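Starting off, we have a lone chain in the form predicted alone, written out as structure tokens.
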Amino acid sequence: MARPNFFEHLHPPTIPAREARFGYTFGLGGMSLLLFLSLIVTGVPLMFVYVPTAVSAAESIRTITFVAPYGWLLRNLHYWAAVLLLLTASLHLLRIVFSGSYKKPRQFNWLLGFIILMLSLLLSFSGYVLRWDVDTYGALTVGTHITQQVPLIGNWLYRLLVGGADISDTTLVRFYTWHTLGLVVPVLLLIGWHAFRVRRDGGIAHREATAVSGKPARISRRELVQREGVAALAILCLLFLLSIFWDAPLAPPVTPFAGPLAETSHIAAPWFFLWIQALLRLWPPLWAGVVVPLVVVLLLALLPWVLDRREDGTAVWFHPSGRWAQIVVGAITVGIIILTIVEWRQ
């Protein structure tokens, strides 16, 4: 028998056959990892052209798109990898909830995965700001001013984000640093910790493995790696198709430091924060931009300790023991989707 290769060594020798099926996990965790690595691979070359100053940022984006050889493709790959990452990571979170895979002893790994998703959202927002056009400037202005609504530390948070009393060159440099280093490094470390905890907690959440109808109870890691290779090829093909036929957004440049909202009459939040923008049309900024998102984050982060502390029903789709967790997460998901669609249609 051939010796295990590097990728096979990342997995335990055998895996429960039922939980290794694509129809159980949909390969969402592996897809998310592949897309994050794609962001790094496509992001590093972009750093050689991008200039993080208010005067040159938008122009450097246009240089990448229209002048640099295949720069349009590289930028599109980076953009669509970020979009797909948030989608696959969110679906991965939902799969974990509805299959009861967050239960003991995997509560802490649930928290690690949720933190990775939150940091990925911030990573995408920081990349959105780096376009420095009329859409992103308006969203940056509104987003940073929302932080001022936080009791006691609001003004401090605002100055920490923008680097002073107003949005300036310093703001762009700070967001560039967060995007290329300050968020990427923690996410990489947390992904490694997350993968380690999967192995330490007994592998993927599973029921007792028993053979059914002559089928093996467990499969080898070689077979699993082969399946993952097919899924990786499929997601990369999708990524290239999206990048070839649909360009990343590009709005007119913003005049440096023209003042909050002076350049645009329509504030365009990134698609993953449109639901918050919809709430801002209904409620005061403190509630729509701080209280409601904070409640949602806390409910999801503490789900294994607050909404479902039972140990039965692991790796069983829609098990009754996790009904409250399923209802709360389902309601949050439906609410976010509805608000996003309503705001997108505005």
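Because the structure is predicted, anything quoted here is derived from the model rather than measured. Residue indices: 1-based, along the sequence shown.
The same protein also has a form predicted together with ligand HEM, omitted here; what follows describes it.
- For ligand HEM in the predicted complex, the listed stretch (143-151, 71-79, 269-277, 194-202) containing residues with heavy atoms inside 4.5 Å is 194-202.
- Ligand HEM is not shown here, but in the predicted complex it comes within 4.5 Å of a heavy atom of residue 101.
- Although the partner is absent here, residue 175 is not a contact residue: none of its heavy atoms lies within 4.5 angstroms of ligand HEM in the predicted complex.
- In the predicted complex, ligand HEM sits within 4.5 Å of a heavy atom belonging to residue 25.
- Ligand HEM is not drawn, but in the predicted complex it has a heavy atom within 4.5 Å of residue 30.
- Though ligand HEM is absent from this view, in the predicted complex it lies within 4.5 Å of a heavy atom of just one residue from 254, 93, 162, 123, which is 93.
- For the candidate set 130, 167, 85, 134, a heavy atom within 4.5 Å of ligand HEM in the predicted complex is found for exactly one residue, namely 85.
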